[in-house]
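To begin, one chain is listed below as structure tokens, in the form predicted on its own.
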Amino acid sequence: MSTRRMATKAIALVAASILAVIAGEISQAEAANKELKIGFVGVTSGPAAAWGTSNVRSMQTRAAWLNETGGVKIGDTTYDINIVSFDDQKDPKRAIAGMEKMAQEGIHYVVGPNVDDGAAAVRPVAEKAGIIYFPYAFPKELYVTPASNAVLGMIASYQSGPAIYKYLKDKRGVKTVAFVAANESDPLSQRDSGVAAAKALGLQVVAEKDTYQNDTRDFTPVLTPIVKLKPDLLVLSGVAPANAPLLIRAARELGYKGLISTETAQDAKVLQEGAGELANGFISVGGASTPEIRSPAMNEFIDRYTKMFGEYNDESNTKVYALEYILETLKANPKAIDNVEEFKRTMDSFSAPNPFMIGDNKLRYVGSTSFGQKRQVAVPMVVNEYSDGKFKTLFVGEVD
């Protein structure tokens, strides 16, 4: 009897252990966060790689941070964020393929593309598949009705250009301007808007038709006739980060003494490696943060990004915002998780604390003045001046 009782007891203990394990697994499954996929389609290779790399690295850094601290609660559900990325190689056809991939995976919110051609090319796919995307591209037709699925993720060149030219006219005595651009739709469009802005300010435009192929490496023949004109300001319209130092070096070695600027964001490390001290004084649009306005959360983001990737790109001060806007808008209206029409309805009245700036600054959608509807994220317009390997803030503005 004793042996039988012991056997019965042993069986009961084993059964209890099995039940406990099963119960524990069920409990863990119930406790596990759901996954929310957010897409990225943009350029992470080639001359413009710095633009997209800062995008996707910003998203990965912020997602890892949020997941580490418990995930993101949207409505009654908590999600871990999974960034799904696609390198479009600055090719519109690949951008379309990338957006189609996002649609196939059921992703409704995508950051990118980084250039005009790509952003325009993916529009039909995004609208058909029900995808809201945040491009870093400037054509107004992407953001004015009847378009409604694209949200500009940064300050546009036709918003920053006039501010830069006016500052240089008032503060640096600029009177004459020359423009040079790559022979592609994106930089050519930025050149045309820059020329119009300069003329509206009463500046004399002495060159506006000079172009180069994007794979050019010797810019001396391109810049020689422009340098002879001795403009007060040379604008490198829409210049890719890899080409900027080559153009700057060529201009300086030809004896150009004036100011050089661009309305595109740049990479300080690339400038330092490619042009060194010849790049000192180069003016560009920077990331949407300066040391004076950064919150502790922004400083932590920079620290986490640097630890993850071994370096930091100033442009990520802007690129950190897109994912934040997506998640905070979803928090404001959880129905938008799988319904972008709900997302759109929320945009007009949306407001949330800005975690990356000190003070009571808010995340909100703007663009009414430029597009007639709120299809742009509100980020500070920071204009930088390069000096000895670093960007220094020239001035800070904003758009409506």
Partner chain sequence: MAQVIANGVYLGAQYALIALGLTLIFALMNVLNFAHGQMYVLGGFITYTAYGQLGLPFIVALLASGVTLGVIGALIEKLLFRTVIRRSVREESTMLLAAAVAYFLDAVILLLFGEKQRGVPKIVNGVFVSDALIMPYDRLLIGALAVLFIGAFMLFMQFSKPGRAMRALAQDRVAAQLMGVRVDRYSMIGFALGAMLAGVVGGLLVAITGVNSGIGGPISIKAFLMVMIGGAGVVGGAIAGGFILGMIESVGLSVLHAYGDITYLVIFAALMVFLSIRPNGLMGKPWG
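Quick caveat, the model's predicted, so the values are computed rather than measured. Numbering follows the first chain given and starts at 1.
The protein also exists as the form predicted in complex with its partner chain; that form is not presented, and the subsequent description refers to it.
Only one of the listed residues (Arg123, Lys269, Arg294, Lys169) places a non-hydrogen atom within 4.5 angstroms of its partner chain in the model of the complex, and that residue is Lys269.
When you look in the model of the complex, the only residue of Glu105, Asp218, Glu300, Glu141 with a non-hydrogen atom within 4.5 Å of its partner chain is Asp218. By the 4.5 Å heavy atom rule, the three marked residues Asn183, Thr211 and Pro225 all count as contacting its partner chain in the model of the complex.
Residues within 4.5 angstroms of its partner chain in the model of the complex, judged by any non-hydrogen atom, belong to 249 to 257 and to none of the other stretches in 114 to 122, 194 to 202, 249 to 257, 144 to 152. Its partner chain in the model of the complex comes within 4.5 Å of a heavy atom belonging to Ala50. Its partner chain in the model of the complex comes within 4.5 Å of a heavy atom belonging to Asn313. Among heavy atoms of Val72, none comes within 4.5 Å of its partner chain in the model of the complex. When its partner chain is considered in the model of the complex, Arg375 lies well away from it, no heavy atom lying within 4.5 Å.
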